[in-house]
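Before any questions on binding or motion, here is one chain by itself as structure tokens, the form predicted on its own.
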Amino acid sequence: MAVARGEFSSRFGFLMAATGSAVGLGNIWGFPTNAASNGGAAFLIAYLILTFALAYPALMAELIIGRHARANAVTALKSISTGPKSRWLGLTVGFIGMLTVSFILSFYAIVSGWMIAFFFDSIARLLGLESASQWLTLDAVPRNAIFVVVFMVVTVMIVSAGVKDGIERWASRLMPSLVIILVLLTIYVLTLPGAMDGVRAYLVPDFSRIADPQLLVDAMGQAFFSLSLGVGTMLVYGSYISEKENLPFIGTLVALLDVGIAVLAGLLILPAMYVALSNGVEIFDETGAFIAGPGLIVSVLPALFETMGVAGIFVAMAFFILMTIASLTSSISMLEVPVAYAVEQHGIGRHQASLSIAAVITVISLLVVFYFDPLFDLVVTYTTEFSQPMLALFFCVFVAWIWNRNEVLEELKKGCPDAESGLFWKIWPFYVKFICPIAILLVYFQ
């Protein structure tokens, strides 16, 4: 059943939404700790190379397919298919992408719930509510379950409002706020004792690690996860872009903004960890590696904030607002992928689709909450390390091997009439056809 589709009303709105999708917890905690654990600036160099060598071409593939098809991922891939086999492949990739993004959102909601809980903890401590503070920081099933539901309700409220009135409006408010808070927190942390040790750990390269296979795998995974690739989020957002927009240009802006915020986050998190170390907080685990991931956010940094007295309460409040915003701008793009399919393919109302799909994802999240140890790492590993890179590879295959080359060029010309003579078209078709798939497979199997 045909339904009216939304569209971003401005380039700024799209950039905020797409960058918000790309900028999430993976940038704020994943990138800095990955960098610190993989040779400092050696990881940063590998990340920058892989972002623009592998992730950016895949990003462009999704944006081009999305704007051409003006449809959800399943319908879009089927529409550019040339026969029964490729249509079957498009259907499979589209559905696996929706399944993957739903499972990513299921674990994302858990971690995002922690961010909200710790934000309320800073308010409770400010008001002297010790019992509330203890409950909010206790890693217990009831707390985790409640805040999963809270986070998913907020996500549903935004997505159900539509592209312009929901996603674009809130992304345009949240992303500038995120950048301002991130900059202010970074400036403050860099003035504290021990911060420069963190800067050195982050920016001084250990070039002996640059060819380390694990470093390359981590850098590729970080690049694909932080740009929300392979699961259809950028394809769906691309379907809401005006035909007047220059796709290579705005795709470059999204990649640059994402990388810029990730690098800036490194200048906040790594110095903050060494400030914590100088204040007597342990930042290394029993193997001597940096405490990363959830442990960093729910143990190291809160312990640091506690050593800062009253000022630490306000710093904690700002930090966990930052983390909640980063979570929310990503979650709305994840939920939009299956919602767009339900609305366009089955004619379900947006509000009903958002509520129903979010309810299913919430149930999955709650199952992970109740069986955290066996399920959490399993879901994270299979979605972000296995599924995402392979799905991104198939998007490259579709745009370079299945879709007609002239149709790709015509789509680019809509917003860039001289695209055929530009540098992007001279490099990208060959690159996304041969270099990207081979490189993704090499790094993936390595």
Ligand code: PFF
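We number the residues from 1 along the sequence you see. Values in this document were obtained by computation on a predicted structure and should not be read as measured data.
The protein also exists as the form predicted in complex with the named molecule; that form is not presented, and the subsequent description refers to it.
J.: Could you tell me if Leu25 has a non-hydrogen atom within 4.5 Å of the named molecule in the predicted complex?
T.: Yes, Leu25 lies within 4.5 Å of the named molecule in the predicted complex.
J.: Would Ala272 count as a contact of the named molecule in the predicted complex, using a 4.5 angstroms cut-off between non-hydrogen atoms?
T.: Because no heavy atom of Ala272 falls inside 4.5 Å of the named molecule in the predicted complex, the answer is no.
J.: When the contact criterion is heavy atoms within 4.5 Å, does Val231 count as touching the named molecule in the predicted complex?
T.: Heavy-atom contact with the named molecule at 4.5 Å: present for Val231.
J.: In the predicted complex, does Ser333 come within 4.5 Å of the named molecule, counting heavy atoms only?
T.: Yes.
J.: Could you tell me which one of Tyr108, Tyr341, Phe147, Trp170 places a heavy atom within 4.5 Å of the named molecule in the predicted complex?
T.: Comparing distances to the named molecule in the predicted complex, the residue within 4.5 Å is Tyr108.
J.: Tell me, which of Ile104, Ala265, Ile283, Ala353 has a heavy atom within 4.5 angstroms of the named molecule in the predicted complex?
T.: Selected residue: Ile104.
J.: Which is the contacting stretch out of 96 to 104, 115 to 123, 241 to 249, 199 to 207, given heavy atoms within 4.5 Å of the named molecule in the predicted complex?
T.: Partner-contacting stretch among the options: 96 to 104.
J.: Could you pull out the residues of 384 to 420 that have any heavy atom within 4.5 Å of the named molecule in the predicted complex?
T.: Residue within 4.5 Å: Gln388, and no other.
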